[in-house]
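Quick heads-up: it's one chain on its own, the form predicted on its own, in structure tokens.
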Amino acid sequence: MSSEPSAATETGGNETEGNMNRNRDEDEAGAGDIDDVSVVGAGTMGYGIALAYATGGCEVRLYDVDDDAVERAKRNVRSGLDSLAAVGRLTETESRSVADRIGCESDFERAVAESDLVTEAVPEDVELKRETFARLDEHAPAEAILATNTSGLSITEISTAVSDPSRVVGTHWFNPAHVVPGVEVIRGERTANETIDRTTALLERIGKTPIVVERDIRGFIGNRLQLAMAYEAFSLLDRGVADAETIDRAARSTFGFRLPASGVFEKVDQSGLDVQADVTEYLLPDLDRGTDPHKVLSALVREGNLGTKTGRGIYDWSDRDLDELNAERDRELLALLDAYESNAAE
């Protein structure tokens, strides 16, 4: 990964042909002018977003005030590229070209001054995000799209920090961003149609699946569904119904196995809405519907057991190498991505 933004590098083989086709589609959709992307924040999400855009052919400037975060991002980008190459998604030459398209920058103004789109990926704090957007309003080009990668904060509230909220949009990426295909595109109350259209066209161009969320609701779609599932999982664990490993096995091998093929509503239609209504009637009263973080989760946080970052959470990770753990996860997800793309193409 270069220390400064580098010129666009042509890649060969199937990627070049695919980019030509995507560029034609992109020009028709009105996103052909988005070539330079900046990512503000080089943490877990930031490096993956930068890698996704660079893999899709964009020139990317990755900014962080923390030098250690930048160094970790460089290592993570290399690891991500290795994972993509290991499953045949990139050749060695293409991997080098992608890495060369990512430039690291420690000066905020230089990082965003020439961007067509800026993605903010700072920690999930609304005031910090608003402060970041106020700086973007001052230093990014007036016509640049300003995107926030928030997991569920209000796009409308964040956008009040800029003079033109019509160019602010939510782009909620899922970790690992360079692998997971879906990206939620959230419309704030003042987001322009053009901003939505150009953002979705760009995401399609780089091979992502944009999911337009028309209402600025906290948590959007994916995290609301995910949180509801996780809350009930904590409840099952707390009630001694099964241990964590068994609950995870159930999620992977039953409804989770089906989700890529049928989603939620297709499955409900296939089962029958009368069946869904009957099951809902007798089961819903027994589900845990608390409004605070589950007590099991709160206890683990109080104890400092935060998951892989501390070596222990619900599971004990103390004897696992985090980089290898992430690489193993990416390999498994990339295998699933092949099936997802095949199904989407049918």
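Just so it is clear, the structure is predicted and the values come from calculations on it, not from any experiment. Just count from 1 along the sequence shown to find any residue number.
The next section is about a form of this same protein that is not shown, the form predicted together with a small molecule.
K.L.:
Among 314-322, 35-43, 297-305, 281-289, which stretch has residues with heavy atoms no more than 4.5 Å from the small molecule in the predicted complex?
P.N.:
It is the stretch 35-43.
K.L.:
Taking the small molecule as it sits in the predicted complex, is residue 69 in contact with it (heavy atom to heavy atom, 4.5 Å or less)?
P.N.:
Contact check for residue 69: yes, within 4.5 Å of the small molecule in the predicted complex.
K.L.:
Taking heavy atoms only, is residue 173 within 4.5 angstroms of the small molecule in the predicted complex?
P.N.:
Answer yes; at least one heavy atom of residue 173 falls within 4.5 Å of the small molecule in the predicted complex.
K.L.:
Check whether residue 129 has any heavy atom within 4.5 Å of a heavy atom of the small molecule in the predicted complex, and answer yes or no.
P.N.:
Residue 129: contacts the small molecule in the predicted complex.
K.L.:
In the predicted complex, is there a heavy atom of the small molecule that lies within 4.5 Å of any heavy atom of residue 149, even though the partner is absent here?
P.N.:
So residue 149 counts as contacting the small molecule.
K.L.:
Identify which of 203, 102, 145, 121 has a heavy atom within 4.5 Å of the small molecule in the predicted complex; exactly one of them does.
P.N.:
Answer to the contact question: 121.
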